[in-house]
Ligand code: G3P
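This document opens with one chain alone, in structure tokens, the form predicted on its own.
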């Protein structure tokens, strides 16, 4: 059962419905689940086919992805499941919108994952107006987060998630947890229509720090949730200290959230690399 005093929603980061069932049995709850092309590629059904030297047509891969998403949603009915569009650096907003509208029919509680590109923001602006829930992914700085806030103005609470990637900032010697703290602070000056879904948590300490900071949501792999269960679903005390080691803290920036979203500089090298990786994982499955 959910620990008393827990203020952060707990999501599983996985493309495997069997793991969803395992975590439900272990925790007694899940608030939602996130998927992406890399996780989809690692799912047992997909790996079994690839191990036989087989690949998918584009139609087959969407059918398999749809089945996995529906299987996950059936285990956590009414809970958010993030479904990611296929998009490279040159994918237009219209192409994303076509995919997003179709994917939104797969289940009743989808958050459509869009990459943080100018076209991704255009697609998000349109989808929010249409009442579709979105999850903006591969976020690495406050300017990107401000752009998401501005592009989705008018959205209802729960309609827009922002997914900042902790571990990939750590990988370049920056303290990813300091960025989570910064974007939470920045958003608290706004109207609350964008919720922070801390992602790319690589360690149990990342997870505990997200709980301590009261991130709106956090998505983590099953191994971290298993470790949480082994520690009796502990919640960090106010004096618990996260140790970033030699990672450099990311300074907070005062930003105006009320500009036109096209005025924010949303380019980031890690976003570009992340898009390339997701596209490569997806394309490796195709005939």
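Positions refer to the first chain, counted from 1. Computed from a predicted structure; not experimentally measured.
We do not show the form predicted in complex with ligand G3P, though everything after this point is about it.
Query raised in the report: Applying a 4.5 Å heavy atom distance criterion, does residue 181 contact ligand G3P in the model of the complex?
Result: The answer is no: residue 181 has no heavy atom within 4.5 Å of ligand G3P.
Query raised in the report: Should residue 142 be counted as a contact of ligand G3P in the model of the complex, where contact means heavy atoms within 4.5 Å?
Result: Looking in the model of the complex, residue contacts with ligand G3P do not include residue 142, since no heavy atom lies within 4.5 Å.
Query raised in the report: Is residue 200 close enough to ligand G3P in the model of the complex to count, meaning some heavy atom within 4.5 Å?
Result: Close contact exists here: in the model of the complex, residue 200 approaches ligand G3P to within 4.5 Å, heavy atoms only.
Requested in this report: Using a 4.5 Å heavy atom cut-off, state whether residue 39 contacts ligand G3P in the model of the complex.
Outcome: Flag for residue 39 set to yes.
Report task. Have a look at 162-170, 100-108, 125-133, 205-213 and name the one stretch with heavy atoms inside 4.5 Å of ligand G3P in the model of the complex. Result -> Only one stretch qualifies here: 162-170.
**Report entry** Residues in 1-19 close to ligand G3P in the model of the complex, defined by a heavy atom within 4.5 Å, in order
**Finding:** Heavy-atom contacts within 4.5 Å come from 13 alone.
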